[in-house]
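A single chain comes next, written as structure tokens; it is the form predicted on its own.
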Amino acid sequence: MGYSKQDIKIAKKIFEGSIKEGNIETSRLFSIISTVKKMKPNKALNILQALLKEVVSFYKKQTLLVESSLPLEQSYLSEIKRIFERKIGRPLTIVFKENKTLIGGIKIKLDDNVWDYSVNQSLEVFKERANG
């Protein structure tokens, strides 16, 4: 990336200023972005890149990604969401993705954590144990 520690500090302050009650207040964020865009192009670009990283990180922490080789019923997805919300103590957004590379089972991602309950993973574990 090309941004400095100062750019990261500015981006974090901008981001923190756009959070209200645990959610991004988009109108406030876009207003601040408009102001940043008036800065020198390189400086603005560096700050905006650092800000984008903050926004992506924020959404990764709030989005529960569930993958399966077949579509899942909404009641099943709701139950997964409920379990994880209770476990981490905050509301989550759930996103379902059909993943044909999974033989069976499910894979769940939240931020940088992955829970892999797929047949693929079970076969991989079996293979590792068999080899040694």
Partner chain sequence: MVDIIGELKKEIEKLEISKEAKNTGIITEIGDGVAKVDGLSDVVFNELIDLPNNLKGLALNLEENSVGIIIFGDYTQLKEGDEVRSTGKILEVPVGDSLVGRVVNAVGEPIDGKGPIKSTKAYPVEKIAPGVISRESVKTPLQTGIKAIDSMIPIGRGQRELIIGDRGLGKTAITIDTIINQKDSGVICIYVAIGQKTSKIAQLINTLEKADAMKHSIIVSASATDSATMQFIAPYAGCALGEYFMDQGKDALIIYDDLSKHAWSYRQLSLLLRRPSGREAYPGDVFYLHSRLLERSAKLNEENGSGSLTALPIIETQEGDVSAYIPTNVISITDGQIFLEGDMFYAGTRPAINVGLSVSRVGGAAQTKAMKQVSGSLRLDLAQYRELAAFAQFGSDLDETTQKRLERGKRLVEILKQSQFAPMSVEKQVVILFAATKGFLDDIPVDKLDEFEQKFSDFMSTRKKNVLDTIIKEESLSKKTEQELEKSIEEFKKGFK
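Note that the coordinates shown come from a computational prediction; the quantities given were computed from them, not determined experimentally. Positions refer to the first chain, counted from 1.
The same protein also exists as the form predicted in complex with its partner chain; that form is not shown, yet it is the one meant from here on.
- Shown alone, this chain has one stretch from 26 to 34, 46 to 54, 70 to 78, 93 to 101 that lies within 4.5 Å of its partner chain in the predicted complex by heavy atoms: 46 to 54.
- Among heavy atoms of residue 112, some come within 4.5 Å of its partner chain in the predicted complex.
- Looking at 111 to 125, the residues that come within 4.5 Å of its partner chain in the predicted complex, counting any heavy atom, are 112, 113, 114, 115, 116, 117, 121, 122, 125.
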